[in-house]
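Okay, so here's just one chain, in structure tokens, the form predicted alone.
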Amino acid sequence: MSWLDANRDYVLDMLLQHVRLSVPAIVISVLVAVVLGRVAWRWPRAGTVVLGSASLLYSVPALPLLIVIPVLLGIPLRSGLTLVVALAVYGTALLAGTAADAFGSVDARVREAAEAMGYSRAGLLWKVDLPLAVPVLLSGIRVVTVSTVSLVTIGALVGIPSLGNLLTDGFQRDIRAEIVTGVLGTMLLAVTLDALLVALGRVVTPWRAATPAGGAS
């Protein structure tokens, strides 16, 4: 505890940096993955290409990707934007398939009933498909969130500050308290964001709480 007490401000700063890198990457991943998932569900032939490309991107190792992105986009290697883009690529690749499954999970009879009531394509998307896809989509978002928070630490290897700095510096100087603080800080951040997502899911899908356990939907 003495190391943490002496470095409280530094740890807090690294935590905030970690959040600044994680949250934008997660948001971008969700937005892009939902679009790709919608395309993959609506046009299966195109979906095969989209989801196949996503799987291929996810297989690319993280460190080479951090080097390729600055070259392609003309941004500094140590820029936080480099890591955000890389994490967004990984998150999108991981979530696209789940997003397609989420739209596929919507009961076709509900969609047909909405069309019979005169819903436009846009209305069908925003008022029927997307809300009913939330439960499946949220499960994927939670996985992406935990994955993104953990992957942010890799940025420390190329000089992008985050809680990963506590790990690299702790190992280099053999300070166990610093390593433990970095590990626990990353875990607690991931758990906190996951809990917030669960709470958000309950807010945006109130009908699930109102449905009796084991009752008919």
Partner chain sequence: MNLFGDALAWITDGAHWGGPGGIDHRVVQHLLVTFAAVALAAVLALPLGILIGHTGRGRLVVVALAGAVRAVPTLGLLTLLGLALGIGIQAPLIALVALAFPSLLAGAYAGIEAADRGAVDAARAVGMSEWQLVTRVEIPLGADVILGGIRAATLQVVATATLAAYISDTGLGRYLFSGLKSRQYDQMLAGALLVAALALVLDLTMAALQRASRPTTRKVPS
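Numbering follows the first chain given and starts at 1. Just so we're clear, the structure is a prediction, and the values are computed from it rather than from any experiment.
Note that the form predicted together with the partner chain isn't included here; everything after this is about it.
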**OP:** Please state whether every one of the three residues V146, T168 and V180 places a non-hydrogen atom within 4.5 angstroms of the partner chain in the predicted bound form.
**Re:** yes
Original post:
Does S29 reach the partner chain in the predicted bound form if we count a contact as any heavy atom within 4.5 Å?
Top reply: no
Subject >> Interface membership of T48, the partner chain in the predicted bound form, 4.5 Å heavy atom rule >> reply: no
Original post:
Would V34 count as a contact of the partner chain in the predicted bound form, using a 4.5 angstroms cut-off between non-hydrogen atoms?
Top reply: no
Original post:
Does at least one non-hydrogen atom of I154 fall within 4.5 angstroms of the partner chain in the predicted bound form?
Top reply: yes
**OP:** Could you run down 41-58 and flag each residue that has a heavy atom within 4.5 Å of the partner chain in the predicted bound form?
**Re:** L56, Y58
